[in-house]
Every structure is written in C-alpha cells, then in structure tokens.
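Just the one chain here, the form predicted on its own, laid out as structure tokens.
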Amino acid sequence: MLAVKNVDVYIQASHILRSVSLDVGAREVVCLVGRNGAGKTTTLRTVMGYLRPRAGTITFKGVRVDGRRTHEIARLGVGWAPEDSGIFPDLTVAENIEIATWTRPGGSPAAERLARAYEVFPVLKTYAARKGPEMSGGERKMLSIARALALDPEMLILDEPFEGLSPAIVPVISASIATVTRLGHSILLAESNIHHVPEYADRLYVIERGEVIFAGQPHEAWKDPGVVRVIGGQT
C-alpha cells in the first residue's frame, strides 16, 4: 500500500534522512521507532507531503505521492494525526471531526464516517460541545486520531500517539487503535518508547541518525545488540 524507497531529505543544509526505505501493506500495523531527533517525524512528514525528498520515491497504492501537496495525499486516502494533535482549538470536538468529511468529500457518507469515529472513541461524543482548551492531553490525542479516521482513509499515519500521556490512558488509546485496525485500516505509527509499541504490530523499523538500522518482526529487534542500544535508550 505504502512504499518509501531510498528517500533522502535535507532541511536547509542538513542531511536528515539517508536512504530511508519502509513499506506498509494492506491492514498492516507498522511501527517506526527511534530516539528523539532520529528522523521519525521527518519521515512521516515527508510521506504526508510537508517535506519533499531530494532523492528516492514514495508511492501510495501504486501512485507516486512524493512532491504532491498534503491535501492531495489526504484525498488519496491517507489520514494524519501529528504529535501535537493539531486540533483546531476554536472549534468544538464535533466540528473538529466533521471538518475531515469536507476535506475528502468522496468515499463513505459523512454520517457513516462520524459514526465510525465516535464508535472508536465513544468518550468524544460526551465531549462533543467542548473546545480544545477544555480537553486533556489524552482527549486531544483521541480527537486527532478520530478526525483522521473521519477522513475515511485507507491508511492512518500516527506520530507519537502515546507521547506525554499518563500510564492509565496509554492502554485506552492503544485499544482504540486496535479497533481501527479491525475496521480494515493500515497504520504507520512512530514512537520513541519501544515499550509503547502495541503487541498487535506486524512489523518494526528502527531509525537512528536518519538511517533505518533494523526492519523485521518486533521480537527480532531485541536480538541485535546495536538495535537494543537504541531502543533500550542507551548511548
């Protein structure tokens, strides 16, 4: 479904991503793990069109998307939930979710998309009239993912969905993401903490200093001492 091949990205004069490759298949949950500054967010933002690669290709469902604008990529069926949640603080919860149905007008009827978003995150229906400043960090994360889901995407890209959350809320959001996968959506998820990688993940990529140093099954990562130093938080 998604294929990132040998992508190089520069930000000004800095070479941030170096020949990064990864794949996400239909209905797969793929995790990109790395320390802060390793290149996770840059990879996701490049897939979403916020950054343009200097080399390499990115395809989604066989269509080249590198170089396309973000809204064009979204309309192809890619939902995006950024690390900072990116919700509109002046809009209510209901309005934040509903706006995604305008962004991608094709696909399932808007009513079905909204119902699906509230089915996955039922607590948001209770808070439908609240605005961003009235919500906790965990609730904003939920809203960000729910809004991406209301786009009716084939794939969701989630940047650090568990970052900064209390230990009590992490399992709740993890269970909600599992529900999203059961609905048939593919997921590419970035995480700094290996212990936040959900047990239902199909594959794992580890990135360090802009290079992918491991690709495989999550349990296999612990067999590589160099990878363990990265995912274990050692220097």
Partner chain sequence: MSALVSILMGGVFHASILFLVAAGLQVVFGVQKVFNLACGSFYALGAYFGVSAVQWYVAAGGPPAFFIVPLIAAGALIGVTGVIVERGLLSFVYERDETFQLLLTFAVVLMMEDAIRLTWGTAPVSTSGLYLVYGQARLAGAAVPVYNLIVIAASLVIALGIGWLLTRTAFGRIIRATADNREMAEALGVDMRRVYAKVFTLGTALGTLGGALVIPATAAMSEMGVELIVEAFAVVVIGGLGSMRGAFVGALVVGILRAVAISVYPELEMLIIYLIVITVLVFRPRGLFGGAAA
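The structure presented is a predicted model; accordingly, all values stated were derived computationally and were not measured. Residue numbers count along the first chain shown, from 1.
Here the subject shifts to the form predicted together with its partner chain, a form of this protein not shown in this document.
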Sole residue of E163, E95, E134, E119 within 4.5 Å of its partner chain in the predicted bound form, by heavy atom: E95
Quick check on this chain: which one of R27, K61, R45, R209 has a heavy atom within 4.5 Å of its partner chain in the predicted bound form? R45
Answer for G86 alone: is it within 4.5 Å of its partner chain in the predicted bound form, judged on heavy atom distances? yes
Just to confirm, S108 within 4.5 Å of its partner chain in the predicted bound form by heavy atoms? no
Determine whether any heavy atom of K141 comes within 4.5 Å of a heavy atom of its partner chain in the predicted bound form, and answer yes or no. no
Please tell me whether any heavy atom belonging to K125 falls inside 4.5 Å of a heavy atom of its partner chain, as the geometry stands in the predicted bound form. no
So in the predicted bound form, are L156, S186 and Y200 all sitting within 4.5 Å of its partner chain, heavy atoms only? no
Can you list, in sequence order, the residues from 90 to 105 that come within 4.5 Å of its partner chain in the predicted bound form, counting heavy atoms only? D90, L91, E95, E98, I99, A100, W102, T103
